[in-house]
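Starting off, we have a lone chain in the form predicted alone, written out as structure tokens.
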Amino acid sequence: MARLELQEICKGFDEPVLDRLSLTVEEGEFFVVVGPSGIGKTTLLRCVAGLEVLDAGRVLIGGTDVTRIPPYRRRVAMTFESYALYPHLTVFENIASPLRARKADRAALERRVGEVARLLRIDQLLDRKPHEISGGQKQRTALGRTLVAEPDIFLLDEPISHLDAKIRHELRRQFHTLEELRRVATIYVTHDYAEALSLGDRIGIMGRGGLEQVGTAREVFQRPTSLFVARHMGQPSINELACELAAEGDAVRAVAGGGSVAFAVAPAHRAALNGGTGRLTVGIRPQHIAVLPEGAAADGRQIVEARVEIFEALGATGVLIAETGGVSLTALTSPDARFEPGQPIRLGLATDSFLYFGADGGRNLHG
């Protein structure tokens, strides 16, 4: 087994996609890359697999430079989002194809394919061909072909994105303990932030040209280095308020739609804002805004009067959009709560959890 090292790799098409990207994934580490569609996540995997020729930089597996080595000699197994199954072979033969390429004996091949098929709940489909199974079953077949390969590196490109919610949850649970994945370096690509937070030993948020931030789930969610990262880690998305910092440095004022509202700056954040003035963006996660009953104590929160715009009960939680001073805020509530459009409410804002981003570049001002 081996660690994966990417040293300042570059890859472009009409414009740069990967620009001097460097990354090390340790043996046994499950590294998740998350980001919007079209940002270069799949290109990154294809460069590691050798399916794309680098413009510059090096790929090392187990300390060996494989940059110019063809894909079939890299001992890398990749699951494609588009399945890439052999249409003339059965599900069994598709899963078994890496083992046949290594000339595994029949008994070992059948045992291994059976184990993986049962894990993915497709053991009843082994005699069928790809055109006879659903899209989700095709994706599980493609994932099974990767799992049987026993490579040095696993590359998984959104391997469960087309599955129904119940099976996605089951497979996420399996990914935590699956020995095959936990023995080798694995890069797992997804656009689902919850999947990334659940699975990643570390997470890399992909931006234009490379990784905006790399860290643990707690680090990238609670301490995003930029507004770009904050936007892509959380659902509902973080509230973004364009603000002016008051001269005294203990308040910011958001202006929108002809109205404005002032938000207090927690004492712990004032030093980072340098006590100056200027434009910035305040980020408030919906879970840091609470709907308070009439007469409830502030408990250190800033209280603002608001009116309900939209309320959605989403099973496990409720999502409330409210307006205060011409500014819209999204908050999480109990799913059992009931709100009507126009209803007056009191919001409690946890100002010590606010995030502050520079107007230029959106870097986190609090570190």
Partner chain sequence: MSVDQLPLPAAALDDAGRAAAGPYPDWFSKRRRGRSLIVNPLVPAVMVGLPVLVIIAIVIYPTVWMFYHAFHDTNMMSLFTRNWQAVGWDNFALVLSSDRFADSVLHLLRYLLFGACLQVLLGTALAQILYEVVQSNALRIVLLIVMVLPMMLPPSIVGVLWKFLLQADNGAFNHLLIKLGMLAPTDRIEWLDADLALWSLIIADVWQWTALPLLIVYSGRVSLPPAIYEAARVDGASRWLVLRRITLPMLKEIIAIAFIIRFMDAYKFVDKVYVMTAGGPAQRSELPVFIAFQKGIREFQVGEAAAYAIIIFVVAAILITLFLQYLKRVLKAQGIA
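Positions refer to the first chain, counted from 1. Fair warning: this is a prediction, and the values are worked out from it, not measured in the lab. So that the term is clear: the rigid core is the largest set of C-alpha atoms that superpose within 1.5 Å between two forms.
Not pictured, yet referred to below: the form predicted in complex with its partner chain.
Only one segment in the set 82-90, 264-272, 117-125, 178-186 has any non-hydrogen atom within 4.5 angstroms of its partner chain in the predicted bound form, and it is 82-90. Scanning Gly50, Gly57, Gly318, Gly325 against its partner chain in the predicted bound form with a 4.5 Å heavy atom cut-off leaves one residue, Gly50. Of the residues given (Arg111, Arg172, Arg253, Arg100), Arg100 alone sits with a heavy atom within 4.5 Å of its partner chain in the predicted bound form. Contact check for Arg301: no non-hydrogen atom falls within 4.5 Å of its partner chain in the predicted bound form. When contacts are judged by a 4.5 Å heavy atom cut-off, Ile133 does not count as touching its partner chain in the predicted bound form. In the predicted bound form, no heavy atom of Ala230 sits within 4.5 Å of its partner chain. Of the heavy atoms in Gly278, none are within 4.5 Å of its partner chain in the predicted bound form. In the predicted bound form, the residues of 66-85 lying within 4.5 Å of its partner chain by at least one heavy atom are, in order, Pro71, Tyr72, Val76, Ala77, Met78, Phe80, Ser82, Ala84, Leu85. When two forms of a protein are overlaid on their rigid core, residues whose CA moves 2 Å or more are considered shifted, and His131 is one of them between the shown form and the other one. The Cα shift for Arg218 between the shown form and the other one, taken after rigid core superposition, is smaller than 2 angstroms.
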